[in-house]
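Read the single chain below, which is given as structure tokens and is the form predicted alone.
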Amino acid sequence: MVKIKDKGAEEKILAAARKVFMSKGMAGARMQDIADEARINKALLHYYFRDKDKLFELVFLGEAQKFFPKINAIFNSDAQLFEKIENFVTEYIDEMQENPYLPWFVMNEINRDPDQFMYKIWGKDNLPKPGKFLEQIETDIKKGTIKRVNPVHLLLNLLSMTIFPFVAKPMVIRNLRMNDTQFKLIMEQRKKEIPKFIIDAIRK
């Protein structure tokens, strides 16, 4: 007789896996840790999910599917350019503080198969649309609100200044002799520092 998998049990395991991955990372987490957190035996865990890699993918794919549309919505909103810059930085840093291993998951998936990853996140007909944001930069240049800048470079600067510290977190913590609490404090400060730096650089 074939067992029918319980959706509630799957969700319980995914919640436990997320908690373990957040505290120990992919390398440090063990299937036994996840089973213990979910309060089930390891055999039952393997019945629902055969390996740790699959669990990690499911946990962080779910987080990415929730997060990236929020960024798309910011870029496509009717907000002013400076407000969009501030909103992007705040949203991104809040998400990375909540899900510190998400950048690594995204980088691995993009390097492995970028087209498949984009499809998993966005579907076939709902790809990210930065065009409105880039056009808004050009419009503000013509209005005289900001200096003449290359819109693509401005977008890349915004992305890299916000994303890099999280991707490079192990190196940053080690070289600057920080602990996790100090790193989180610095990232909170960057919610104001990054928009100020960019806006001051482009404002007329």
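The shown structure was predicted, so the numbers you read here are calculated from the model rather than taken from an experiment. The first residue of the shown sequence is 1; numbering continues from there.
Heads up, the form predicted together with a further copy of the same chain isn't pictured, but that's what we're talking about next.
Enquirer: Taking heavy atoms only, is Asn111 within 4.5 angstroms of a further copy of the same chain in the predicted bound form?
Expert: Yes - in the predicted bound form, heavy atoms of Asn111 and a further copy of the same chain come within 4.5 Å of each other.
Enquirer: Is Asp115 close to a further copy of the same chain in the predicted bound form, meaning a heavy atom pair under 4.5 Å apart or at it?
Expert: Residue-level check for Asp115: yes, a contact with a further copy of the same chain.
Enquirer: How about Lys19 - does it come within 4.5 Å of a further copy of the same chain in the predicted bound form, if we only consider non-hydrogen atoms?
Expert: Taking the distances in the predicted bound form, the answer for Lys19 is no, it never comes within 4.5 Å of a further copy of the same chain.
Enquirer: Tell me, yes or no, whether Asn41 is in contact with a further copy of the same chain in the predicted bound form, where a contact means a heavy atom of each within 4.5 Å.
Expert: Asn41 lies outside the contact set for a further copy of the same chain.
Enquirer: Quick one: from Thr139, Gln65, Gln32, Asn150, grab the residue that has a heavy atom within 4.5 Å of a further copy of the same chain in the predicted bound form.
Expert: Going through each option in turn, the one that passes is Asn150.
Enquirer: Do heavy atoms from each of Leu81, Met96 and Leu102 fall within 4.5 Å of a further copy of the same chain in the predicted bound form?
Expert: None of them does, since no heavy atom lies within 4.5 Å of the partner.
Enquirer: Who in 37 to 67 is close to a further copy of the same chain in the predicted bound form, meaning a heavy atom within 4.5 Å?
Expert: Nothing in the stretch sits within 4.5 Å of the partner.
Enquirer: Between the shown chain and the other structure, the Cα gap of Ile186 to Ala27 differs by 3 Å or more. Is it closer or farther in the predicted bound form?
Expert: Relative to this form, farther apart in the predicted bound form.
Enquirer: With a shift of at least 3 angstroms, figure out whether the C-alpha spacing between Thr181 and Gly28 grows or shrinks in the predicted bound form: closer or farther?
Expert: Farther, not closer.
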